[in-house]
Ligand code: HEC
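Form predicted on its own, single chain, as structure tokens, below.
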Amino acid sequence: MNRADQEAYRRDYAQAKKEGKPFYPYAIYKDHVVAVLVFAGIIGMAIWQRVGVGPPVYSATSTFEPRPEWYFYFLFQLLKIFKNQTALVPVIMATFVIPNVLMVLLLATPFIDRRAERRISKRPFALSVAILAFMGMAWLTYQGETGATPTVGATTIPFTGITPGSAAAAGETVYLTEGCSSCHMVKGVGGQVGPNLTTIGTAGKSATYSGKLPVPVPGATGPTYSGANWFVLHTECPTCAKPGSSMPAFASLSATDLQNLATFLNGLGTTYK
């Protein structure tokens, strides 16, 4: 704070002290009034919106979707955002890393914005931080309450256009049994770590790769891979089809499984809906 700001602050402080009211009883009185109103509001809402007792727990159910109390919805949503990566990443990121980073930023705000001015209209940085924090918490809470939990580990996905016993049907089986749905979502089924594949067949994927495929697939040859051939390349060697891809390679699949899976993926959004 420069000298001019210090002098202005001293003048304002002296004027406020001269014209202001003592802490006792005025400030204490106001604090008690606010405290009584807050507690009355909490008691009133508890009486008005009672917590009911749900049906008895059925331990064998497979459709129950556990959700926390509303004041933990924001953490619940963070866990959903980081789900299906590893066993520890969601817990570490959602309950430790992100909350603590935000807490450090909150504690650092007074040291970053060191103005003596207390009027909120004169504190744009602090006001912006508070607004962003409340908006973020409100959005995460809303998403945690209303967002549907992805169905991971499903055994079937309803499609039109897939004939039982066809290559596409076999490719859907590979997709579901080899863990693809743990990261990708198709028609609301699966995880959210990777891109949504519901209409991936309409994307017109293409890549140039001059190397040899780890698993030779009849008909899938380069150096230009497009359509079903691109999905074969991307499944066997993701970084060959898309440099920098974080998707793991599935080179252990057989040539038939790779071709069937590619047929299924290439038709999503066009032939299979």
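No experiment lies behind these values; they were computed from the predicted model shown. So that there is no doubt, residue numbering starts at 1 and follows the sequence shown.
FYI, the form predicted together with this ligand isn't displayed, but the following is about it.
Look at the stretches 216-224, 240-248, 30-38, 45-53 and give the one with heavy atoms within 4.5 Å of this ligand in the model of the complex. Partner-contacting stretch among the options: 240-248.
So in the model of the complex, is this ligand close enough to residue 93 to count as touching (4.5 Å, heavy atoms)? It does not: once this ligand is placed as it appears in the model of the complex, residue 93 has no heavy atom within 4.5 Å of it.
Interface membership of residue 175, this ligand in the model of the complex, 4.5 Å heavy atom rule: The answer is yes: residue 175 has a heavy atom within 4.5 Å of this ligand.
Taking 4.5 angstroms as the cut-off for heavy atoms, does residue 144 touch this ligand in the model of the complex? No, residue 144 stays farther than 4.5 Å from this ligand in the model of the complex.
For residue 136, is any heavy atom within 4.5 Å of this ligand in the model of the complex, or not? Flag for residue 136 set to no.
Non-hydrogen atoms within 4.5 angstroms of this ligand in the model of the complex: do 157, 167 and 272 all have one? Answer is no for this spot.
Under a 4.5 angstroms heavy atom criterion, identify the one residue in 162, 189, 183, 75 near this ligand in the model of the complex. Exactly one residue meets the criterion: 183.
Residues from 176-206 in contact with this ligand (non-hydrogen atom within 4.5 Å) in the model of the complex: Sequence-ordered list: 178, 179, 180, 182, 183, 184, 193, 194, 195, 197, 200, 205.
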